[in-house]
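What follows is one chain in structure tokens, specifically the form predicted on its own.
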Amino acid sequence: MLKVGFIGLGIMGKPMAKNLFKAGYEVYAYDINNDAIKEIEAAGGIGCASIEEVAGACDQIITMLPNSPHVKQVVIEQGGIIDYAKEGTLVIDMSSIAPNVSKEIQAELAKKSIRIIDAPVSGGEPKAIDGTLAIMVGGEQEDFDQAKPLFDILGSSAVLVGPIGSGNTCKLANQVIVALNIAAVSEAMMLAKKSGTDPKKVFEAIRGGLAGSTVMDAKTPMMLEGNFKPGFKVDLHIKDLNNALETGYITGSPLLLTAEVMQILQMLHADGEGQSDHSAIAKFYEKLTGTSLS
């Protein structure tokens, strides 16, 4: 049976790991949360007590972690994958982190003949559960080809965008578009509401036209129902936009609208909405107007 390591069993990693062992892989899973390991074991995975145990058993290791510092800690710092993995091991980092950090990690792993590709995803928890994530990859063609059978299980599409770091650059572009789209939908639905027009009818009327989008279809019903159960949390989107703004600064790319939406997300965080779905941007407009969309 094919083996794969999986480190990071959070809101996205847990269903992704489950999809891999449902597809026939022997999944060696580790997380700092022991309850998450137990859940994976109960569902059919192999729980591990350490990074060393994962790296010792597998020559393909997926990491799905919150941000750049966590990936560096797990992969290249003392006690990380770099200390225990065999030469030729392929690390598939599916976390969403800063592109320059992906390059930094790749340079360190190369010293030990360990390979890495960055392969962040889009789709949130629902698509992680049903295995239809969009996967954006940076790295070498042969490494992408090796990881492709895993991507075929985890997602509906996987595109090799370019060299290491390109996957995360693509993800940042994705997150900019998603954040701005949610803000635009929130603003437009509030305009309809304040004008005395039913936002539900407005949504039905425009969703099939040029304004329609996957974001609109996924997030508008949540806004209109007042349902902000997280598929992708406000705090995680803050993290992604912070990486986007940092990358924009490094590369000299203006991100004016991104900076504005970042302030909205920061205000939501300050209001205790950090763990809400990012569709809670609508709540910012509700607070400004004193009007509920639901």
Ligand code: NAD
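Note that residue numbering follows the sequence shown and begins at 1. What you see is a predicted model; the values in this text were computed from it and never measured.
As for the form predicted together with the ligand, it is not shown, yet the points below apply to it.
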>> Please determine whether each residue of D31, S95 and F232 possesses a non-hydrogen atom within 4.5 angstroms of the ligand in the predicted complex.
In response: yes
> Pick from 72-80, 108-116, 159-167, 177-185: which stretch has a heavy atom within 4.5 Å of the ligand in the predicted complex?
Replying inline: 72-80
> in the predicted complex, which of the listed residues (P66, G56, G44, G226) lies with a heavy atom within 4.5 Å of the ligand?
Replying inline: P66
> Though only this chain appears here, would D143 touch the ligand in the predicted complex if you measure heavy atom gaps against 4.5 Å?
Replying inline: no
> Using heavy atoms and a 4.5 Å limit, would one call K171 a contact residue for the ligand in the predicted complex?
Replying inline: yes
>> Is G131 near the ligand? Define near as a heavy atom within 4.5 Å, in the predicted complex.
In response: no
>> in the predicted complex, does P199 come within 4.5 Å of the ligand, counting heavy atoms only?
In response: no
>> For a quick check, can you give me the residues of 110-135 that have a heavy atom within 4.5 Å of the ligand in the predicted complex?
In response: V121, G124, E125
